[in-house]
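Next up: a single chain in structure tokens, the form predicted alone.
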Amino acid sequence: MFVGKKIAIIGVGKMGETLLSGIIKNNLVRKEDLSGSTAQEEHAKKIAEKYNIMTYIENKEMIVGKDIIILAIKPQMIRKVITEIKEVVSEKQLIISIAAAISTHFIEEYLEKKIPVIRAMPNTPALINEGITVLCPGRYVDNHHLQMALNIFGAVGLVEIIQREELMDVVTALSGSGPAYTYIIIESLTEGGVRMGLPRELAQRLSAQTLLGAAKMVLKTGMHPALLKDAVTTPAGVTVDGLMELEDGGIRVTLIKAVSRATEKSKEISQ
């Protein structure tokens, strides 16, 4: 628990509410030290009732006296929100931003103060505590600030730290957008199973669990995916013919290109 620390989440949408839920479930702070804001009054009331916390419509009012401010907002909202809080935010507060493609430098310069800013890129599996978040510290962040961010995002999945902020565009393209790529693979494998006669519900379950199991094999064994693939591929067996079709269809190059193109898009947004 962050003893005596107060957290404000600006934007309790899907990801903001996910972090809110994770903080509460893991008892990181007392509920009376936790608050959230949303632009819609009705939604604010629902969040207040659901989690028994204070909610606000005005961000400026909410962040006064808070230790950690989480910007759980869309990148197109960043200027508006920072303008709202600029007057009252102080250098004693920590800002954690999950706004995609928005740099720590941009926030630091816009606030015109030496405020510690951490950029975070979580992904949607955080909704079921299976996410992965990458943190990148700004110029004024120390180890204490980083540890607080690690605790917050550790409540909804794995956490990594990088120092080179230019790589955050790649992170956004890979793990941020990655679930969408994976859903297409699951959907396609399911259709393959259905085409060959399996009931759709069973085919989808087989596809999803197979990807989940394979992913855990990579994480838990630490082995290179190619070695794990070879362990499944017996000489003149079924798998090798399937792999030939995948290579013929260009799946490897297509996925590499998807990450590359999404990285370029992230860079475009940040500029």
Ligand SMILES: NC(=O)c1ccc[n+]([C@@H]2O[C@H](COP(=O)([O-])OP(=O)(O)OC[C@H]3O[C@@H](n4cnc5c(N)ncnc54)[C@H](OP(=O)(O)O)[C@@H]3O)[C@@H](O)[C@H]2O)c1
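A quick note: this is a predicted structure, and the numbers were derived from the prediction, not measured. Heads up: residue numbers just count along the shown sequence, starting at 1.
Not on display, but discussed next: the form predicted together with the named molecule.
The candidate spot formed by Ile7, Ser35 and Ile118 lies out of contact with the named molecule in the predicted complex, as no residue has a heavy atom within 4.5 Å of it. For the candidate set Cys136, Ala155, Ala99, Ile95, a heavy atom within 4.5 Å of the named molecule in the predicted complex is found for exactly one residue, namely Ala99. Residue-level contacts in the predicted complex: of His144, Lys80, His105, Arg195, one residue has a heavy atom within 4.5 Å of the named molecule, and it is Lys80. In plain terms, the part of the chain that comes close to the named molecule in the predicted complex, with a heavy atom within 4.5 Å, is 37-45 out of 24-32, 216-224, 37-45, 229-237.
Using a 4.5 angstroms threshold between heavy atoms, Pro122 counts as touching the named molecule in the predicted complex. Taking the partner from the other structure, the named molecule in the predicted complex has a heavy atom within 4.5 Å of a heavy atom of Lys14.
Interface residue remark: Glu84 is counted as part of the site for the named molecule in the predicted complex, having a heavy atom within 4.5 Å. When the named molecule is considered in the predicted complex, Lys74 lines it closely, a heavy atom lying within 4.5 Å. Of the residues in 231-248, none comes within 4.5 Å of the named molecule in the predicted complex through any heavy atom.
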